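In structure tokens, the next block holds one chain alone, the form predicted alone.
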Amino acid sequence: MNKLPKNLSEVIRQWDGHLTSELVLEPGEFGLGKVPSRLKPNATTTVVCGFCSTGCGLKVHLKDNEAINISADTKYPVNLGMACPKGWEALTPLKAKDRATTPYIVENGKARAISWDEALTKFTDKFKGIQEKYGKDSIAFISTGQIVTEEMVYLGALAKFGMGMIHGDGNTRQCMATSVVAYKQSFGFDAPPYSYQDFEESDTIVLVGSNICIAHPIMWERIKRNKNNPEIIVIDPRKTETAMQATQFYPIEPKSDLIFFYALAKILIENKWIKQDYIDAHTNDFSDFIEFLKTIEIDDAVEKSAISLDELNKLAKTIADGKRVSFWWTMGVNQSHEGVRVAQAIINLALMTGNIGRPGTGANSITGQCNAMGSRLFSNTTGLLGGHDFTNEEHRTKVADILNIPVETIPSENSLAYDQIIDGISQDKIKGLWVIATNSAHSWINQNNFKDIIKNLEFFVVQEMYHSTETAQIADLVLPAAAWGEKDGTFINSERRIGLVKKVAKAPGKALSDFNIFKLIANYWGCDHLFKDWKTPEDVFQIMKKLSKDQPCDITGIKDYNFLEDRGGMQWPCKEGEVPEENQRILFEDGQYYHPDKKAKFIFEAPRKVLEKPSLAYPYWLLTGRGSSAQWHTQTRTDKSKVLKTLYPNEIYVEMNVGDARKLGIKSNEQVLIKSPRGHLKANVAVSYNIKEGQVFIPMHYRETNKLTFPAFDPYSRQPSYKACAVNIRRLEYWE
């Protein structure tokens, strides 16, 4: 039976004009054909970078309709002419030799290239068969913060409204779920309140678990533009590159941050270094917070954090003296067994000192992935499209009316989280999995266990731009996807700025944009009638506007893509009739939050027990994090650049204290064996004074790292606790 759209002819014509499948796609209809006509053949155009959440504007230089070079856009309000090493090399990964250029299926242990028709027929038949055998909730998807927002919207709607899935989560669970939950509970909505301009306007900058120099170097450059001679305070177990630049550094012990911040709050209150008028007017539950802090012993915090009372008092006084104090955190907070409460302990500090809603202030979570914010609002994973709630009948009705779909197609329950989906596979409840633009077999915590669990699946589909990723290598079916720079759409960055992604290069072989893969799947599944108006990414953007109406993330004032082009992106909210003149905006200037009573909440809880810490058998804390500004996530893109590879060690290494190395007789560059209760790896040693005795550090980017990590999860966000676990380390001959 021919399931192809009737309005299309019978073969796909690709860039070179050769016949490649049973379907012809007109130029531009499915991501094929020329670079869009709105770009002149030898033009220069600004595109938002596809690596981290900073969202820099990059000028792409075209020759004969093909991107040939990149420079930084001096006028883009994010980066102001700056770019990190990854940005300069953003085009290189597109031309890699290991790009997935055709669908292929693995049968009897052998891969076979197939047509799109065979691939999508297999996709549909297999997943429908699993649902018929085991139930609608027996298939799931794991998505990403890497694709454009319009693709996220299409995927989430297709999977849940069209294919009947209940469970689908994103890899943003690994990086941002903690902050999402913390903001929702404290503010009433997932709303990072800041603009990057705040980096330049603070007089006191507090960086918690954030190696911003390495992870977000353009944000660090914004700090360097600060003319207020700010205090730069770094709170981190390791003396990172950022800590080396700090005016005050507090090397707290791993997993001691929650009691540390509670002690800090107690000192501020006892010394009356708080803004009681702001607390009374704009917050709830502060008196309960004071009562709770009576259970926190300062001496206990000093012992557990290894920060002296004098240092704690100095930090508290510095915050109290600051006129514009901004608090910033990243994965050192989010990736914790109690990360939500740690983030809220930081939020509490901002609220009680009145450091929010004014330039240079805020409780500010820095995002990880380029479109994690888009995922948080529009992916249909942790919440219903546009920041709505699956469990709210009024929200489901609103979304159904906007999309002109039956309300009963929208699930009335939330999805399982990423870790629960994996558990569902291990328990034989989920038998089919679809992974889009993420490398779970490398990045998921306790990696060895993940690879064993995946064997329980009856069908495993990976949609990727490379056939070589660890996850694609264990898939049953691989669908080749276009990359950043090969498609159109939008990203939403850390400061809530919606910026344009543009098609400036040709996807290789039979690769299609994720948007058009979803479009074809909808047709093969038989639910394309639900998406008859979703012809282009900009069509979906207009739908996003309708979904956002009257929400805190309202973007009805953004007319179209040309508006974003002209304005250098726009931060939400941007309501119709209320388009701001300025291009930098912060939230809560009026002291109004998103709870029904317009007040923020103080939220707190006793610290939780650490489930794994050093012991006689495993006496060292293993810390993980960013390695260098030239590395990105699982390195599927950065390792394609010869330039970037010269800027970081290609082989996995472990950083350890010089004293520990001396005790064990280990020298720099010596290879050692590192063991945890879950696995082991070999690594080269980098002896250092920048890490405490009893601790070691391994960058997260190497494929071996997550053989060691311990699968603990925050109970509220379900975010994995990557940052610390127990290991042993010895010379190779010791183990032999």
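One rule holds for the numbers: they count along the sequence shown, beginning at 1. Not measured: the values here are computed from a predicted model.
Keep in mind the form predicted together with a small molecule is missing from the figure; the text below concerns it.
Of the candidate stretches 634-642, 652-660, 406-414, 158-166, only 634-642 contains residues with a heavy atom within 4.5 Å of the small molecule in the predicted complex. Within 4.5 Å of some heavy atom of the small molecule in the predicted complex lies at least one heavy atom of residue 483. Although the partner is absent here, residue 332 sits close enough that one of its heavy atoms falls within 4.5 Å of the small molecule in the predicted complex. Proximity of residue 519 to the small molecule in the predicted complex: non-hydrogen atoms within 4.5 Å are absent; the residue sits far from the partner. Using a 4.5 angstroms limit between non-hydrogen atoms, residue 548 is distant from the small molecule in the predicted complex. For a residue to qualify, one of its non-hydrogen atoms must sit within 4.5 Å of the small molecule in the predicted complex; none of 202, 344 and 712 qualifies. Shown without its partner, this chain lists 490, 379, 348, 210 as candidates; in the predicted complex, only 210 has a non-hydrogen atom within 4.5 angstroms of the small molecule. Only one of the listed residues (67, 685, 700, 674) places a non-hydrogen atom within 4.5 angstroms of the small molecule in the predicted complex, and that residue is 700.
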